[in-house]
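Single chain ahead, by itself, as structure tokens, in the form predicted on its own.
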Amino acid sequence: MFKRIFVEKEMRDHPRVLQFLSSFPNIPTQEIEEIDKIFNRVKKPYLQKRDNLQAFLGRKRGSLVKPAPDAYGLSGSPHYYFIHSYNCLYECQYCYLQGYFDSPDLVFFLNHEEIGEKIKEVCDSHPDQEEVWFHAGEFSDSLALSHLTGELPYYFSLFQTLPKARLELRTKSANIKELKALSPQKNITVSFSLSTAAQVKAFDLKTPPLKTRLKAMRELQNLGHPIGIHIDPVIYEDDFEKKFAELFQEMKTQLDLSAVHYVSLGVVRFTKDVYHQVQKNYPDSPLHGADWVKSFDQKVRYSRPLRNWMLGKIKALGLAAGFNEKQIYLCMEEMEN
């Protein structure tokens, strides 16, 4: 998986570092002073992740917990995200990470106890709020490599002591082995990003197929773990309504829709820099056939009428399948009449 693993000197004897390294006994390792002095300092092409991927293990410094953007989660509560990793093993063609960092190498921050102390501090700063949300997976996938990094038991223990805090683990992975060993908690939701089967195959490179994700979701639901769904990013395709109707039918067949915590809807979007990277990395992608416009937040999106139509159709399909109004919200999107 990795050509080389860099380890910060101060973390070299940390139990999570030793656990990670034990999975790669034959991969060269190199001690470094600080990740930030090496990672992202020299521009490395995004697609080098296919055959020249390196890993960095160390301690997160600076801001450990940050406010989430507007409309990031369910309205009415404060939302934050915490940073435990940079970059992702998967290769989704629309991924904003290809325009965010100058390197596709994977960074794992393993000082979770420090992150946890900051989560407690932020939670305590909202004494009048019934819920305070914390999201993992903003710069990575929360589950894909969780068997290597070993932090999930810590966060399950932490949030057991924070009854008004809510944790969301965002993922496209079906790697639920670690979760199956943990007792479900009402304040920890595992949220899966879903697309039509055709879109997963076309755009979500290296990710588990739709059927595999749904099977993992069903297993977690049967065990009592709360789950959420992100239908995001929605991409226009031929037979749009038919294919999304099939997606909801598959969800209805596999899941108890009434028990799904929430369903977020968001149409594909890019910053200008990210879209330039998409053009460079995937010149033959069907994404380039769309008529893109600069939208209300300066991002590149479909036109407003098309976005409204797509979101309206998907919401109607969701309601027809068995979801209710309170479960569905728009993520990073606005609708106008």
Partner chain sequence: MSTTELSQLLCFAHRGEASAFFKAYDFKASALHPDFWTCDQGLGLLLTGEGLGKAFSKLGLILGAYHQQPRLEIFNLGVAGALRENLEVGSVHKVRTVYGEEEFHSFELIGDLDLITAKKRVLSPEQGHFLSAFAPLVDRELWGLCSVAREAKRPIAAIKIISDRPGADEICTITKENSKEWSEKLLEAFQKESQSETPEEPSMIDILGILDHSAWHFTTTQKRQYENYLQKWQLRDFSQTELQNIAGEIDPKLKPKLRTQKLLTLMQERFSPLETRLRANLEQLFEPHQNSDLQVRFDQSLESQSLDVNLKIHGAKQFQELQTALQSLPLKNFWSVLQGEEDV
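Positions refer to the first chain, counted from 1. Values in this document were obtained by computation on a predicted structure and should not be read as measured data.
Form predicted in complex with the partner chain: not shown, discussed below.
- Among heavy atoms of Ile27, none comes within 4.5 Å of the partner chain in the model of the complex.
- Shown alone here, Pro286 lies within 4.5 Å of the partner chain in the model of the complex, counting heavy atoms only.
- In the model of the complex, the partner chain lies within 4.5 Å of some heavy atom of Ala290.
- For Pro305, a non-hydrogen atom is located within 4.5 Å of the partner chain in the model of the complex, even though that partner is not displayed.
- Each of Gln48, Asp102 and Phe296 places at least one heavy atom within 4.5 Å of the partner chain in the model of the complex.
- For the candidate set His276, Lys37, Lys66, Arg59, a heavy atom within 4.5 Å of the partner chain in the model of the complex is found for exactly one residue, namely Lys37.
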